[in-house]
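Only one chain is shown below, in structure tokens, and it's the form predicted on its own.
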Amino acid sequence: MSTDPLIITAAICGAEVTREMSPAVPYTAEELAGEAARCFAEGARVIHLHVRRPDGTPTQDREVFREAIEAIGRQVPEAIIQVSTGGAVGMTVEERTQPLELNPEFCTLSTGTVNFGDDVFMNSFPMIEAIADKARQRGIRMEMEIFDAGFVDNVLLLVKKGVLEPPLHFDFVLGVPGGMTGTVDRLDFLLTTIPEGSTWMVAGVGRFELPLAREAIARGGQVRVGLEDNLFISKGVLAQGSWELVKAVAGYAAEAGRPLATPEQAREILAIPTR
């Protein structure tokens, strides 16, 4: 059982969930900032950020991201803001990389194409390389988003090509319909595929979220939770917000004897460059 500090990432909004699904889904910059502050208070150190238009439509517009980042920064300046470069299904690379122009500390990099419900989340090698190049040129730390086992192989190929550089940080997004399921044997297999010296996290989708959080804590990994991935705190019971899911994971960590990382520890563990 690991006693290393635990980093909790709060995925507070996403691109797919709506207020029709849960009234707790934040849309505006101030709503996102309020939810980020609640999640930080419960122990989250990374805020995984998507943004919306006022009507809830997902967007990667740079200025909408700027408003949200500034609002979060006013309320929780210590938080690590991780911008999504995944955006929403069907967006171009140019759309998806707009928030990188704001020079955030941290961003995601999806490293393969996957069925995503009834859609296809497209990430060809030229697309992956274009996003990675833009992040690297700006000194932005990248998190590898892994929806299926071949995504890890793609990362290793990109390392050989010089597109990506260790140390690598992986996020295993398990349970997306069309991707790898969220069972423990899948997690354990993926852990055998990543390079020594890498850090990792689990983001279980739907009913897999909280069980996989416990498994990650036990194995020394990090955890992502939030309304982007799962709307329920228990079967049939909507979470009051991402903060309630963060609070549950913090409780699991306390039971397992893992302290919650400070913002400084989180930056060190994730190898986020000092600015």
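Don't overthink the numbering: it's just position in the shown sequence, from 1. Remember, it's a predicted structure, so these values are computed and weren't measured experimentally.
Just so you know, the form predicted together with (5S)-5-amino-3-OXO-hexanoic acid exists too; it's not on screen, but the next bit is about it.
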Interface stretch in the predicted complex with (5S)-5-amino-3-OXO-hexanoic acid - options 249-257, 262-270, 21-29, 8-16, non-hydrogen atom within 4.5 Å: 8-16
Looking at 149, 127, 89, 156 here, can you tell me which has any non-hydrogen atom within 4.5 angstroms of (5S)-5-amino-3-OXO-hexanoic acid in the predicted complex? 89
Contacting member of 35, 244, 228, 215, with respect to (5S)-5-amino-3-OXO-hexanoic acid in the predicted complex [4.5 Å, heavy atom]: 228
I'd like to know if residue 97 sits close to (5S)-5-amino-3-OXO-hexanoic acid in the predicted complex, meaning any non-hydrogen atom pair within 4.5 angstroms. no
Decide whether residue 145 counts as a contact residue for (5S)-5-amino-3-OXO-hexanoic acid in the predicted complex under a heavy atom distance cut-off of 4.5 Å. yes
In the predicted complex, does residue 52 have a heavy atom within 4.5 Å of (5S)-5-amino-3-OXO-hexanoic acid? no
With heavy atoms only and a cut-off of 4.5 Å, decide whether residue 45 touches (5S)-5-amino-3-OXO-hexanoic acid in the predicted complex. no
Which of the residues spanning 118-142 lie within 4.5 Å of (5S)-5-amino-3-OXO-hexanoic acid in the predicted complex, based on heavy atoms? 121
